[in-house]
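Taking the form predicted alone, here's one chain by itself in structure tokens.
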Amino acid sequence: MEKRIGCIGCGNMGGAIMAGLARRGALWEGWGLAAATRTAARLEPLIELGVRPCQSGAEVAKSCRYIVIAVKPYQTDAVLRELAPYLTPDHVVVSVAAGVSMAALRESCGGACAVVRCMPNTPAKVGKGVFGLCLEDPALTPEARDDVQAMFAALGVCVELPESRFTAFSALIGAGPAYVFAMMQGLVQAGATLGFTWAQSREMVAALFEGSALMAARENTPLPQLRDEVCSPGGLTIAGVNALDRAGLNGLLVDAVLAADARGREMER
């Protein structure tokens, strides 16, 4: 079977994954990309990037070895059961559906092929995603494992996890952009209060987060030290940091992640 990557469901996440792979075309030379989705308009920008449109999931399965399932969690079982007659041991099904277990994926596929769970986050849309990968299926060959890791590494950072850690990963990283955007919105609002335009505030705050994140990623300096290096004794920064400490910002962030984790575990049950 030709090494082709196919995607069923090209909404926000499926479309982001396929667009990201298409833009990294040199990496996938000789592979080819294909996709099918219910809303034809979602395929148009992907077609412009070189993704071959398919009329059905069955068509994707007939031509692609790696099949990304990017439909809603409640739709995953039905989609896979429709695909099952076309799946062979050469196929690898990769699901990005939250809360759908490896066991459920294998059952829906009729045990016909290897399955992989992937938990992405929305920065995948700009090639800066963080992907949790569960590669525990014994049917997954070393070659297929390498291919799947390379596929998502092209779109950001990959972290291999046991399935038991997926809810925690979702609470911290999958939901993480929402926490970050909430903090950004607070700073943008403060900028507008200080007299900057909304557009100026957003541009400056986005650059602030980008630069700070790059420092945190590239330097081994502890985060509290990076914070303290900005704070001159008796200066304005330490006054602002003191206000955050009195409000318990760190505790609020921890509570948010733990609340998301608890809700995720409820949903699993």
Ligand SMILES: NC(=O)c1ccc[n+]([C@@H]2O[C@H](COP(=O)([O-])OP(=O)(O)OC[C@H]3O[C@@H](n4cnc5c(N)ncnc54)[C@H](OP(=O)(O)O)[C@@H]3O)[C@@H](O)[C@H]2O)c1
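From 1 onward, residues are counted along the sequence shown. As the structure is a prediction and not an experimental result, all values here were calculated from the model.
Below: the form predicted together with this ligand, not depicted.
Within this chain, residue 10 lines the site of this ligand in the predicted complex, having a heavy atom no more than 4.5 Å away. At a distance threshold of 4.5 angstroms between non-hydrogen atoms, residue 122 is in contact with this ligand in the predicted complex.
In the predicted complex, this ligand sits within 4.5 Å of a heavy atom of residue 42. When contacts are judged by a 4.5 Å heavy atom cut-off, residue 72 counts as touching this ligand in the predicted complex.
Of the candidate stretches 108-116, 155-163, 194-202, 95-103, only 95-103 has residues whose heavy atoms lie within 4.5 Å of this ligand in the predicted complex. Contact annotation: of the candidates 79, 188, 144, 172, the single residue with a non-hydrogen atom within 4.5 angstroms of this ligand in the predicted complex is 79.
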